[in-house]
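One chain comes next, on its own, written as C-alpha cells: the form predicted on its own.
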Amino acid sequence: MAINKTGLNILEKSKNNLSIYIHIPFCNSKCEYCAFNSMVANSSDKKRYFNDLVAEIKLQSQIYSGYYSVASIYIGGGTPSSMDYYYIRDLLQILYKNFAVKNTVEITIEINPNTIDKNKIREYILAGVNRFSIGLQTTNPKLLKEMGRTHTVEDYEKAVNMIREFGIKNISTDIIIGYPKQKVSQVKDTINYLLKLGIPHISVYMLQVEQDTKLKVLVDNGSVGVPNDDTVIEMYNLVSNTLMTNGYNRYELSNFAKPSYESYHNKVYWKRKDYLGIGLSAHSYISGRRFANTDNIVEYAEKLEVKKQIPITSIKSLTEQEKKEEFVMLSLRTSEGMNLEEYKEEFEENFLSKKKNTVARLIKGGFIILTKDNKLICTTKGLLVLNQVVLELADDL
C-alpha cells in the first residue's frame, strides 16, 4: 500500500476503475426545493471557478492517475448547461490529458431544458458526452412554476428532439413526486408523457423538504403542505408499476431503465466502488474512506489559488460496523439486492447466522425475499419502508 498526499491509502499501480464526479454549482435561478450547493453567478465568477476546477483536476491527477482508469464521468450541479459550452469542452479535455480515460467511458451531463441549443449539444458530444440527464420534474405547468423551474414542457421536448437529432439515445429524465399540491393524476400524466416520448431512463425522487430551502420556509409557516405518506406511496406505486409493465427495470429504488440503459456511474455509488469528487462540496469514496471538499466557495478558491492544496475539509475512515451498515443499506436499494456471499467474503462472517431471526421475520412480513443464489432482495413493500428494514438488518452487526 502507498500513502498519498491526502493521507489516504490506495492500491499501488492497480489500474482499478475510477468514476469521477465534477460539480458545477451555477444555475440561472434557484428552485424552491433545491438544497444542493448551487448559486447564481456572473461570468467572472464562473471563469474563476473553472480555473480552480482545472487546478484541482491537476492536483488530483498527481495522486490518482497512476492507480486508476476512469470508467465514468458525471458532470452535475447546479446546472452545468448554464455554463458556456467551451467550459465543459475544456474540462473534459483537461481530464483526458491528466487521467487515463477508458475508451468505453460513460460521460453524463446534467442539463435543464431551456439552457441548451444545438451548438451546445454538438460541442458536448464532440467532447465525449454520450449520456444526457434532463431535469423535467413534472409536466404540469402550474407545478413547474411553483417549483421555481424556468422551463416549459415544450422546452423539454425540444431538448430531447435536439439531442436525438445528433444520434444520442441515452437520455435520462428526473421527476419529483410528493410535491405540495401535486395530485396522483398529475404524476400519471408525467409518466405517460415520458413513455410516449420513449425516454429510456427515468429517475423518480420522493420530495424531501430540506433545510435552507425556500420550500422549507413555506412548509414551516403553513403556506403549503406536502401530500401525506399514503398519497406519496400511491404515487410511487403508480410510477413503479407503470414503468415495469412497460419494460423498465427498477434497478434501484429511484431509478428505472430500459435494457442496456442503466447508468454505470449511478451503480458505482450503490456498489461502493471508488469515485472521486472534484469541485465545490464534492464527495469522494476511495479505498474505504469517505472525504469531501469544502462547501464554501471562498475557501475552495483560497486553497487552490493561494495554498495550492486540494480543498478537502473532512476525511472519515469507516469503522467495520459502518462499512457493514453501508453494505446493507446501499445493496438493498438495488434490484440485485444484498449478496450474502460477497458480505461473507468482505467481512468474514455469516450474515444469516447472525441475523437469522430478523431475516425470518422480515421475510414473513413480505418486506424481503431470500433467493436461491443467496441474495436478500427488498420487495416493493420493503422498499417503501427501506430505512426501517435497513435499521433492523444492520443493527449490531
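Heads up: residue numbers just count along the shown sequence, starting at 1. This is a predicted model, so every value here is computed, not measured.
There is another form of this protein, the form predicted together with a small molecule, and it is not shown here; the text below is about that form.
- Judged by heavy atoms within 4.5 Å of the small molecule in the predicted complex, the contact stretch among the candidates 312-320, 207-215, 278-286, 229-237 is 207-215.
- In the predicted complex, none of the heavy atoms of Gly178 sits within 4.5 Å of a heavy atom of the small molecule.
- Using a 4.5 Å cutoff between non-hydrogen atoms, Thr139 does not count as a contact of the small molecule in the predicted complex.
- When the small molecule is considered in the predicted complex, Tyr68 lies well away from it, no heavy atom lying within 4.5 Å.
- Contact annotation: Thr79 falls within 4.5 Å of the small molecule in the predicted complex, judged by heavy atom distances.
- For the options Tyr343, Tyr49, Phe367, Tyr33, the one in contact with the small molecule in the predicted complex, meaning a heavy atom within 4.5 Å, is Tyr33.
- Proximity to the small molecule in the predicted complex, defined as a heavy atom within 4.5 Å, singles out one entry of Ser72, Thr190, Asn293, Asn112, which is Asn112.
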